[in-house]
Each structure stands twice: as C-alpha cells, then as structure tokens.
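In the form predicted alone, a lone chain appears below as structure tokens.
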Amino acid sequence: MSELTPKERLLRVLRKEPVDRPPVICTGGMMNAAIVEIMKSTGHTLPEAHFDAARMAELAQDVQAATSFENIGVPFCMTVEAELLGSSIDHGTLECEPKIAREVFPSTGTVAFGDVDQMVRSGRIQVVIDAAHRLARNNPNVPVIASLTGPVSTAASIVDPMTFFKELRKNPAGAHRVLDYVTRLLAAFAERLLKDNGAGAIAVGDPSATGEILGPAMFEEYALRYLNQLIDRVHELGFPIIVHICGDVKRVRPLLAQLRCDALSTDAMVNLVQLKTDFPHVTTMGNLSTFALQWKEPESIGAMARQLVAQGIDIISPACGLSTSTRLDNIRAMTSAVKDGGV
C-alpha cells in the first residue's frame, strides 16, 4: 500500500477500508488539545480564539503541528450551540475552558423555538464555519474535523439540567420537542460546516447521554433516537461522523451497536477489544486515559498507545477531554508511538 495522507487514512478507516496503521487523532470540541503549553509558546491563545476565525484557525494549526495529531479540530469548547440558543456562557481563561454559567430556560415547557436556518448564520457558529473553511483550504491532506455538542447535552445546556432530566420521565412530550429542536439546529450547523470544502468529518460529543445518567430505556428513547437523527443527516450530505459516549457503557452496551455512526469513541474504562469482539461492525476509537496523559511519563504513554495499536483499535485517540495542563511531551509520545514506534 502506497503511503497514505492523514486525510486518506482516516477516511479509509471510517469507510471500513484497509489501511497501513490506525490514525491517531484528537477531534477538538470536547476533546480539545489546545493545552496551555502550546498556547504560551505560540502566542495564539484562548479565550481570544473563540471569537475570531483567523485566530481559531491559527491555534488549530498550532495544535496539530505541535502534537502531530493527524487531524485539525475546531472549535475549542462545547458552548457554541448553547450560547446561540440563549444560555449565558463563562468563556474561560487560558487555563480554563468555557462553561455554561446559566441555562436560559427553567423547563422544557418554557423553551422558545427560533428559526433554525437563521440561527445557524449567527453567533460563534459563523466563526467556527469560517475557521473550518480556512483550515481545509490551507491543509488539503489533513482532515478537518468539526465537533458538535450532542443533542442531549445541548438540551441540558439550555434547560436547567436537574429539571430537564426529571422531565425526560415526567414530560416526555416536552423533552422530545426540545430534543427535536436542538437536533435540527445541530444538523443545520453540520450542513454549513461540511458544504463548500469546509470540514471533512463531524465529531459529536454527548457527555450527558451516558448510561450512568439515563439508563437503558431513556438512552434508547432519547440519546439513540436523536443521535441517529443527526447521524443520518450527516450521511445524507455524504460525510462521515464520529460519536463519543462518556463513562461506563455497561448499562447501554447492547444499544451502542444501534448507533449508525462511522466510529464510536469511548472512555478509558471501556474494554475496546471486547467491544470489537461483541460488535464486529463497530469501528472503535480511543481510548488512551487522559489522566495518564496528564500525569504519567512519556515511556508509559508510548507503551499504552502501542498496546492499543496491537489490540487492533481502529482509531487511536484520547479517551475523553484533555486537561489544559496536559504535558506536550506525553501527547507527542502517544502520536509518535502510533506513527513510527515512538518512545
């Protein structure tokens, strides 16, 4: 097999085609690799890059160059959609990522439904779209992955989460209306990101859509239903999509095989080898511990990455969101181990 570009390698894996080795990626969004060490060395920093497409693109390229991850990922947070929908956002600092300061609606029954087509042409959405187009134009051989916040997590970011999760049981009609609304917004956002030589793939992080929080019945009714609705729309556009599910998936394990995504990313406690054995059609992604990436030594990280490769994991990636204080030499040990034997 002739040497593949990073973009060709990832797309082949997502199409279940043979490759020379697994790609090693970090998708952005929930898995943001804009660590403090990189930002201080380059001068391209957050929170400034959240609001300016040129700065976002520069920082995304800095991250890829410094870490050797085989993709470029935008944005650098999970608050773009919630802010657009009206929630108050703390945009963070160099060391701290943005977070929801206050959800805009107290319950699903109070949600005001906007015009989705107009909404996706405003706010920070436009910054992310412009950054993705710049990055794709300047890096034709590297896949640009745009990260979205999943439907359940987006809904729980605009409705008081304690109330929202209660209403999944007590007011399912209201919960479905809100989830359908945010999923339509996410699909429209994805369409704008993917069209006209922008992003080449979508990644969805849905940390609130876990078996530990929802349980099997509500995971099937809400998370599986609306994730697949979003997945189907991305596939209609002709692009691949990756989904990350946080936490221990034991309670919802049989349902994971019903996700129609092109790759499934999981947390560090999930046995991906067993997942591949149980569901051979699932393309596995992950799941090198982010705790290890922050605290262990490069030699250990290299060994962990090589083990994932030896186990036949399809795409090597951090298991979840990276701490901004993660060591760059540990990230490099991970990418080097996958690409050329490394440490």
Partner chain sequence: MTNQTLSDSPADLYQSLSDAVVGMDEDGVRALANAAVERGVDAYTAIDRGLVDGMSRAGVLFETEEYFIPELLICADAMYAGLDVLRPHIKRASTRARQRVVIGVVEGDTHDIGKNLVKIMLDASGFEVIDLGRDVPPQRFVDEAVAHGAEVIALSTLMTTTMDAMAEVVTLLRDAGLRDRFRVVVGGGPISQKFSERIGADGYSPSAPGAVKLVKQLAGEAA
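Treat the numbers as computed from the prediction; the structure is a model and nothing was measured. Residue numbers count along the first chain shown, from 1.
Keep in mind that the form predicted together with its partner chain is not shown, yet the notes after this line are about it.
In the predicted bound form, its partner chain lies within 4.5 Å of some heavy atom of E95.
Taking the partner from elsewhere, E191 is found to have every heavy atom lying beyond 4.5 Å of its partner chain in the predicted bound form.
Within this chain, A173 is remote from the site of its partner chain in the predicted bound form, having no heavy atom within 4.5 Å.
Using a 4.5 Å cutoff between non-hydrogen atoms, E83 does not count as a contact of its partner chain in the predicted bound form.
Shown alone, this chain has one stretch from 216 to 224, 179 to 187, 234 to 242, 254 to 262 that lies within 4.5 Å of its partner chain in the predicted bound form by heavy atoms: 216 to 224. Contact with its partner chain in the predicted bound form, judged by any heavy atom within 4.5 Å, is made by just one of G109, G114, P161, G123: P161. With respect to its partner chain in the predicted bound form, the three residues K99, E103 and K166 uniformly fall within 4.5 angstroms at the level of their nearest heavy atom.
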